[in-house]
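Take a look at this single chain in structure tokens; it is the form predicted on its own.
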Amino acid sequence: MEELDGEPVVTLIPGVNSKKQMCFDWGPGEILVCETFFNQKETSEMVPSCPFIHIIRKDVDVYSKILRKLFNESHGIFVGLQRIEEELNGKSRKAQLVRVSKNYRSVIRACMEEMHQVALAGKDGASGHQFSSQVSILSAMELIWNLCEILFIEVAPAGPLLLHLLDWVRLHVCEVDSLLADVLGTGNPSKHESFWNLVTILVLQGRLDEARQMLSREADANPASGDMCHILGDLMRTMPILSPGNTQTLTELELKWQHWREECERHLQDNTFAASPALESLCKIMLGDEATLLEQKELLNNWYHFLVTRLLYSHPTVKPIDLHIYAQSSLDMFLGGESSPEPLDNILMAAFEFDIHQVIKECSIALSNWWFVAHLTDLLDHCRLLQSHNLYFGSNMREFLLLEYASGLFAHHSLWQLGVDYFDHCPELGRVSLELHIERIPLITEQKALKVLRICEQRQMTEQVRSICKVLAMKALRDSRLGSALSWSIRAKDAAFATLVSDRFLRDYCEHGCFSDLDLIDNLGPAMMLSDRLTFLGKYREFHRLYGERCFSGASALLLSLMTSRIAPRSFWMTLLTDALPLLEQKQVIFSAEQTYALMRCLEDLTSRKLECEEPDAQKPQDDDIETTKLEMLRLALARNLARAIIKEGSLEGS
């Protein structure tokens, strides 16, 4: 049975009356909300209404300039990981996956540092607080990712595991470095008010070499405590730790550590440090005394620092399988029942329990966008840790989270291009999702449209290509850019729209006496076969070219074929017949008798149909006069040409 997450958080929309009936519509990345008058009684008190339509976005992080760098940089890492998947094998696989994980963390850290600088430089208090909050979120993201890297990707065994956890704590509890610089910056560090706090923190973090150096300064400045400082320094120096290049076994380490611990206890029982409470406290910490450790809550800052310090001085060879036991007890001891665990605590605890799915679930609930869970899940999937987990609605967890993240990117005017690659690497539903999202991209500029078109053509998304071309063709037609409109309609293979644009070309020709975009029409090629009207446009332009080249015989044959084949629109017949006039009046006979008869039949067919369809007051008198004059001129020219053709053909037969 599916586990329920509890009630969702209520989102309040400023200016909206919650007592009224609301109308909403879902979009791919946002919701439109407005008030309605539904079910409003006439007697009810009139309440001021909100005249606005509100847009509620589910992922506002894509609009942050700094976070956009995070999205852009991580996109390259993601794509690179998918490409090297086939090359990942054997021992190199783990090393490469760890390197990829570190690359992701470096991107998070770089973004966090930039956000921190912006927060410090911010003049506006509200924006500064917002940036600081974002820094905290990024810091938590890196903290979680680093722990997952240690436990799930590095899969560190007992011994090295503790070294990794120490590095993890040192990296994320970094106030000690600024404190160290502050103390050493004074003339007499041992007299600094924070000196013992600094030494204590160094011991808590296992930085014993630096702690010894500080104790030597105390010994030089205070000879009375010199012997005690040297003894404690020797204990720090001799503490057995499994270093990366060390070949000793865990059994050997445990024996050495036990002897060392007994020596520490002996000094404590002998009251070696009784004269110095600070040194005695340090010795108790090194013995892993829990009461003493809990006294340092302020210096430890958090329970997971307490956990690692406790493991260092009590269970240095802890096994990964036992981590969750110590983690839970450390959390309980540190909180002491005074407060409840935060979402971050729950996520870290799930990681220590090696419950990957719970980590992903808690992160999905706690974080404000899908970036973290999508990329972490993808990386863990490449580690083959999620192979068995399919969601109940058909997709696996990796693909579901990548789809959600990519959908959020498509809500942004430029980041949508990154989303395409995420959809590409979702084998089950990625293609369908990309088709649905790419149709919703607003094609504001032709440059953007060409980008979208190129993406669709590369993926053989035929329907989307046609849809985009139609949209661009319609925009061009509205702007009276007929050449562009025709070009897009041809690319879309839309016969109906090509016919519409061709009609506009012909109408413009009738109005202005010339064609625009001659280069396009002259080079239509096979594309003119898309529709009859487009074919006519191309052939009619060819007639004009032949006529201009004084190839009258070819021009006349083409003109006649356009009319007799009925490919020309009937509304254009009078224009074609008028174009025939100069050929009919040439000195040499261009049209044969048979061709002239064909032209005469077309003219009579045109006039008879006009008489049938004509209404009494359909045309103005002056239009009638112009039409009558054209008809008379055509009939006269046809009669003359017929007579000349008959005489010429008769003479040829007689000879």
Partner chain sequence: MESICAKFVSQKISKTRWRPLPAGSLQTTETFATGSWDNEDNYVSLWSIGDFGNLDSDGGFEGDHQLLCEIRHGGDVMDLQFFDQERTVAASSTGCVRVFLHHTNHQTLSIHQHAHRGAPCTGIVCDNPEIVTVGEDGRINLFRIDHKEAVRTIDNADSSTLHAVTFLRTPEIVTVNSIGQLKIWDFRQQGNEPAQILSMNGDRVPLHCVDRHPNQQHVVATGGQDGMLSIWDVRQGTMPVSLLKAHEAEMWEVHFHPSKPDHLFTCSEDGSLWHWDASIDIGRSSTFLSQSISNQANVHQSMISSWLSTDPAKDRIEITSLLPTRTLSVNSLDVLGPCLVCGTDAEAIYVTRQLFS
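Numbering follows the first chain given and starts at 1. Here the rigid core means the biggest group of C-alpha atoms that line up within 1.5 Å when the two forms are laid on top of each other. Everything numeric in this text was worked out from a predicted model, so none of it was measured.
What comes next is about the form predicted in complex with the partner chain, which does not appear here.
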Open item on the list: Among the candidate stretches 574-582, 438-446, 135-143, 173-181, which one is within 4.5 Å of the partner chain in the model of the complex when only heavy atoms are counted?
Closed with: 438-446
Open item on the list: So in the model of the complex, is the partner chain close enough to S414 to count as touching (4.5 Å, heavy atoms)?
Closed with: yes
Open item on the list: Can you work out whether K587 and the partner chain are in contact in the model of the complex, taking contact to mean some heavy atom pair no more than 4.5 Å apart?
Closed with: no
Open item on the list: Whether K630 contacts the partner chain in the model of the complex should be assessed with a 4.5 Å heavy atom distance threshold; does it?
Closed with: no
- [ ] Answer for H164 alone: is it within 4.5 Å of the partner chain in the model of the complex, judged on heavy atom distances?
- [x] no
Open item on the list: For a quick test of understanding: in the model of the complex, does each of M228, N302 and V308 have a heavy atom within 4.5 Å of the partner chain?
Closed with: no
- [ ] Could you spot which one of S433, T272, T200, S487 gets a heavy atom to within 4.5 Å of the partner chain in the model of the complex?
- [x] S487
Open item on the list: Using a 4.5 Å heavy atom cut-off, which residue among D209, E338, D519, E511 comes into contact with the partner chain in the model of the complex?
Closed with: D519
Open item on the list: Where, within 568-598, is there a heavy atom within 4.5 Å of the partner chain in the model of the complex? Residue list please.
Closed with: none
Open item on the list: Superposing on the rigid core, I want to see if R266 changes position between this form and the one not shown - specifically a Cα shift of 2 Å or more.
Closed with: no
Open item on the list: Relative to the superposed rigid core, does S364 relocate between this form and the one not shown - that is, does its Cα move 2 Å or more?
Closed with: no
- [ ] Superpose the two forms on their rigid core, then report whether the C-alpha of D522 is displaced by 2 angstroms or more between this form and the one not shown.
- [x] yes
